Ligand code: PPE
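Just the one chain here, the form predicted alone, laid out as structure tokens.
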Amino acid sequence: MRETEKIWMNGEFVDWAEAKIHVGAHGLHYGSGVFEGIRCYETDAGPAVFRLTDHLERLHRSAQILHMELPYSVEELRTASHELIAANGLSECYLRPIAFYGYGELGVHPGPNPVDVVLMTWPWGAYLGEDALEKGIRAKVSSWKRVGPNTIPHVAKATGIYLNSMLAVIEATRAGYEEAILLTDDGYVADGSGENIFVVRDEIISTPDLSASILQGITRHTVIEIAQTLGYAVHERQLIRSDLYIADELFMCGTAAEVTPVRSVDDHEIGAPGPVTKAIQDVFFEVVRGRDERFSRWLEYAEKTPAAPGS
């Protein structure tokens, strides 16, 4: 992670090195937090944050599920996000809002603990590497199962849930693969450690439905709309492991991963990137860089460029 100058913390800009929390913070001990991953892209009209409001609304919904009342509205966080990007002088970056139960009591119940809210920005290139976007990645079906929806609610993008993903991706990378694919307890395909997954066969696109304990991904929704606009049929349905092995094409998507082809699963080779994947990927990158008017509503520009704090 490349350090930037400022972090927005509970309504104030603080120096990167001074953005600290107490070791007794509830979120540190119990994973009682919610977060988002958002990208800002450089465009001809200036820095544009992709689907910022959609992400911040999901942050609020995630907090609601955890009985966490955020002290800042979507609009307040939206404004703060643009101000932070400008304060750090970034034309392109990753944006990480996070809210968590802070320092107070350390029982499992968060009780009266305050809710801390933080925004971070830093430059971050291709999550799985630039080569991955062009040539695809090798994935492994994990021995770790995706946690069920009635165990932990995957509609919430909650910090503690990601231990499940962490174990899966460590297992995959230690075995020499770039990413993990998790199955549900019933053996259906769920998702990657931090991405939604799409299978293409006979130019028909399929993706696991929400019953597979997956996050209701914003990039997933983006890909579905792009694909349908391009004339492809998209089905949200149950997928089994062998669907991955016999796919004509396979790709993953997410804010960090963007649209990344998969070239093999468990050493079963898949063409990557195939023509459908490439078509969707090409449009996606045109969209986020402000070069496709059909989807311009997804780009959120700052209304003005504020001065850096203290200037």
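Bear in mind that the values here come from a model prediction, so they are computed numbers and not experimental data. In this text, residue numbers run from 1 along the sequence as written.
Missing here is the form predicted together with the ligand; even so, the following discussion is about that form.
The closest non-hydrogen atom of K140 lies beyond 4.5 Å of the ligand in the model of the complex. For the chain shown alone, L66 is not a contact residue for the ligand in the model of the complex, no non-hydrogen atom being within 4.5 angstroms. Taking non-hydrogen atoms only, G37 approaches the ligand to within 4.5 angstroms in the model of the complex. Using a 4.5 angstroms threshold between heavy atoms, G194 counts as touching the ligand in the model of the complex. The partner is absent here, but in the model of the complex a heavy atom of A256, alone among A256, L70, L28, A279, sits within 4.5 Å of the ligand. A heavy atom within 4.5 Å of the ligand in the model of the complex is found for exactly one of L215, V199, M120, C93: L215. Contact with the ligand in the model of the complex, judged as any non-hydrogen atom within 4.5 angstroms, is confined among 77-85, 93-101, 201-209, 229-237 to 93-101.
No residues of 258-292 lie near the ligand in the model of the complex, the criterion being any heavy atom within 4.5 Å.
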